[in-house]
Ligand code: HEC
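Before any questions on binding or motion, here is one chain by itself as structure tokens, the form predicted on its own.
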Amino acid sequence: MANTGYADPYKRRRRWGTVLGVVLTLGVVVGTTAWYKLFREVPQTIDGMEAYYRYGSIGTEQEEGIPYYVWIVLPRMFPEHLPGDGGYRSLGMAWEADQPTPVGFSKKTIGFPRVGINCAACHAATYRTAPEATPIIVATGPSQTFDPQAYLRFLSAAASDPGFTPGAVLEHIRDEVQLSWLDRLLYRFLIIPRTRDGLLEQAERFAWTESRPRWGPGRIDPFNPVKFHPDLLGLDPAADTTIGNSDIMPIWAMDRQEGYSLHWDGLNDSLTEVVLSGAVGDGARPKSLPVERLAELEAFIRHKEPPPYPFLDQLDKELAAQGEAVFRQNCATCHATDGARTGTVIPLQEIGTDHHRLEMWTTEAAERYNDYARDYPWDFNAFVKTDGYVAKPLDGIWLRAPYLHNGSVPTLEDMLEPAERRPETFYRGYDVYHPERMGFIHQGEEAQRLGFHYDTREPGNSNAGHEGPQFGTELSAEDKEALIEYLKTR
């Protein structure tokens, strides 16, 4: 039978169909593999809200997280860029022996294991009752040891180091985990180079901090990073030279602050917005923000109580009773939970404390933050500009040293003195407690070796204010002693 040629087009179609099928199959395989290795999100398994508070994700890993195995080897690779021995512990991080990360750092798999920061990095205190004692970690307390700026500077220095190469990083990662051949390729040609680029971008974004006083341990500029981030409020750091250096605040017993003005300057009075915006400030973005989980976190900090003073067995109860009367007469209006001015903004001209933190937050910044989440089911609308600092309740006041909004007064004993009799310089960041003075040890060899030299003469560091008869600095020595004894029970 003659060959008519009609079969050829069908054969060609079948061949092209086969080729197309193979290409599509390969595309699906490659796409699925890429998704699995780079973007697959695995929920964390953490039991209990206390553990979640310490190690849970608040959505920061996707945009600003660091590959875990890169992050874990950096201190071994670049110890010369750290302030001392001990790896990340030298930056004041609290690290429990059975955990893969320090308190305040989450480990979550999004394609590959990543490290993100969470609230506990700044809001988890440690203290020791003696130099040889094991540090006690207090969730929701104010960290006085973690140095966020030193951490950022370490990451920047590591990424800028010529030794930060894919081959060198992979060599150190081999001591941590045996990667598959595919993972090694991904780390060598994609993950490690992109991590280095991201850390260098972060360093450039924080370059404005070089022209301002150091934060030091237990302090942070909480809103200039948000103001100057191009993906957040987008303000120009070259045109804004404000200093926002602030002591880290406790976030315990927030149910007793319902309706209060929040943050040091009262820039928001909605705890829900404070929690959500805090996660955004730490690196979460609207699409990665775990809103429901953060609502559980909000409930946790509402009811988490501060720890009792650790030396109550030495309390002079009779003296404390006298001190309560002094407190009711002189301090309760602004600092008792039911005080008429507690939780309200005290004008700067009245309180007289350092003005820089107040000037850092502007009307424009408040307006931009309120506009930030307009396209999402949750939103911000309570950010405002104020004219002073908030009178805070004194829950757990013993663990909140150093005092004032910028952490410029080391002890309560010093707080009850006029500014000219308060220490001009001291060391902060040492976590051994001084029970007689109600504060941490801030002078001496160990405080100097482990602490940060705080100079109240630098801009943003003034220890002036909260002075005069209405602030207790003119009480008799006997009344001051009694008042401090009572405050141990708060």
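These numbers come from a predicted model, not from an experiment. Quick note: we count residues from 1 along the sequence shown, nothing fancier.
Here the subject shifts to the form predicted in complex with the named molecule, a form of this protein not shown in this document.
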Legend entry - Interface residue in the predicted bound form among V274, V169, A365, L155, criterion: non-hydrogen atom within 4.5 angstroms of the named molecule: V274
Inset, instruction - Taking 4.5 Å between heavy atoms as the contact cutoff, choose which of L199, L74, I243, C334 touches the named molecule in the predicted bound form. - result: C334
Inset, instruction - Verify the flagged residues P222, L412 and G472 against the named molecule in the predicted bound form: is each one within 4.5 Å by a non-hydrogen atom? - result: yes
Inset, instruction - Look at the stretches 376 to 384, 402 to 410, 81 to 89, 206 to 214 and give the one with heavy atoms within 4.5 Å of the named molecule in the predicted bound form. - result: 402 to 410
Legend entry - in the predicted bound form, P102 touching the named molecule (heavy atom, 4.5 Å): no
Legend entry - Contact flag, Y369 vs the named molecule in the predicted bound form, heavy atom cut 4.5 Å: no
Inset, instruction - Look up in the predicted bound form whether W264 has a non-hydrogen atom within 4.5 angstroms of the named molecule, and give yes or no. - result: yes
Inset, instruction - Consider E258 of the chain shown here, and say whether it contacts the named molecule in the predicted bound form, taking contact as heavy atoms within 4.5 Å. - result: no
Legend entry - Residues in 238 to 257 with any heavy atom within 4.5 Å of the named molecule in the predicted bound form: S246, D247, I248, M249, P250, I251, M254, Q257
